[in-house]
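Listed next as structure tokens is one chain, alone, in the form predicted alone.
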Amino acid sequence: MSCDHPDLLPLEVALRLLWEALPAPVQPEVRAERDDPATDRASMDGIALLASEGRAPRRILGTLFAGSDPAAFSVTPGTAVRIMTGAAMPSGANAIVPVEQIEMHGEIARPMIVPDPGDHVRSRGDQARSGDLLLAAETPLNAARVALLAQEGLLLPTRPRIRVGVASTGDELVPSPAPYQIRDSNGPMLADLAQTLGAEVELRPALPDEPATLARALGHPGAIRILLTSGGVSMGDHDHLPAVLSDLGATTLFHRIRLKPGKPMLAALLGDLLVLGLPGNPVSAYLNALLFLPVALARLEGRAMPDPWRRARLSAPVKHKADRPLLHPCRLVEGRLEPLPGKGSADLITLAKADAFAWIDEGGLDAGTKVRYLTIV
């Protein structure tokens, strides 16, 4: 941590604080209901036979498909059963010879290889035995784990989308701006990002820089679980959000992080409502939302903590004299990061042109350096 900014949290610490402060859905342990597979099964299309007869010709008794009752056939010397992938093995058979390794003459099959017992057979219980622990309690869910719940006949989780409210702050935000005013671009940007990340979104009118109005909006948030605000979290005379949250009894998780842009970032819990107080400049607002909102959504939905970082090499040097890590706008060109001439955290035009933001340590980095980066979504 920089000695010039002892109050600034490293990004990784802030992300971990947010993750640990939010409740995750409780997922019980999962145990195998029965052996997996519950009986010997074919792992390839072919014929099921007795391996000890080698390449001797076999008379085909019939066909077993996935889901067919194997009791319809019993393999004896000189016979075989045509079988499809996933079908249960018939009694008497202990190997599969794949279709590509069989010569057929009417209903007589001649293996072209000498099979070994167990060839292309998934043995009963080779993945799990009845009662085995498959998932420990509180394991985050993903699509594969939901499939496992379905396989074991367990109740599938209902995971409704998290509802996110978006409200910019600032007296300068008006529909038809004079030269000293601006339109609200952060609200639509953050709403679109939240929707892209899978949230249900409620875009609200911009809030004025007035403590009583902010307090009413925060005290009566409606049916949302997360509120994204932009602006009002820095050190100016009209940056009222931290004080209003404190007066309302909110628990501040962190305020001010060691990152450029985005230092004023704030996160607080007001009862069950998570408030992510983003800086007001659009690049700062977007990048902080891109970093913190996916973590909050994943935690509340019971998923694993996301890792947004990718790695690539810089195609040109990036100078950086500040004492905080920099996220610098880049284009991704043939797998390399091509730095753009960004003009600071208010530069929405460069943000709109960028594909990614590269992590630049203090002092800058040379061309060819491999760095981690965030992809713009």
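Keep in mind that this is a model prediction, so the values were computed, not measured. Don't overthink the numbering: it's just position in the shown sequence, from 1.
Only in words, not in the display: the form predicted together with ligand AMP, which the text now covers.
**Student:** Going by a heavy atom distance of 4.5 Å, is residue 288 a contact of ligand AMP in the model of the complex?
**Tutor:** Close contact is absent here: in the model of the complex, residue 288 is far from ligand AMP, nothing within 4.5 Å, heavy atoms only.
**Student:** Do residue 262 and ligand AMP come within 4.5 Å of each other in the model of the complex, heavy atoms counted?
**Tutor:** Close contact is absent here: in the model of the complex, residue 262 is far from ligand AMP, nothing within 4.5 Å, heavy atoms only.
**Student:** Would residue 182 count as a contact of ligand AMP in the model of the complex, using a 4.5 angstroms cut-off between non-hydrogen atoms?
**Tutor:** Output for residue 182 is yes: heavy atoms within 4.5 Å of ligand AMP.
**Student:** Answer yes if any heavy atom of residue 234 is within 4.5 Å of a heavy atom of ligand AMP in the model of the complex; otherwise answer no.
**Tutor:** Contact with ligand AMP, yes.
**Student:** Scan 111, 294, 90, 282 and let me know which has any heavy atom within 4.5 Å of ligand AMP in the model of the complex.
**Tutor:** Of the candidates 111, 294, 90, 282, 282 is the one lying within 4.5 Å of ligand AMP in the model of the complex.
**Student:** Consider the chain as shown here, without its partner, and state which of 239, 152, 119, 202 has a heavy atom within 4.5 Å of ligand AMP in the model of the complex.
**Tutor:** By the 4.5 Å criterion, the partner-contacting residue is 239.
**Student:** Which of these stretches, 74-82, 220-228, 130-138, 166-174, has heavy atoms within 4.5 Å of ligand AMP in the model of the complex?
**Tutor:** Result of the contact check: 166-174.
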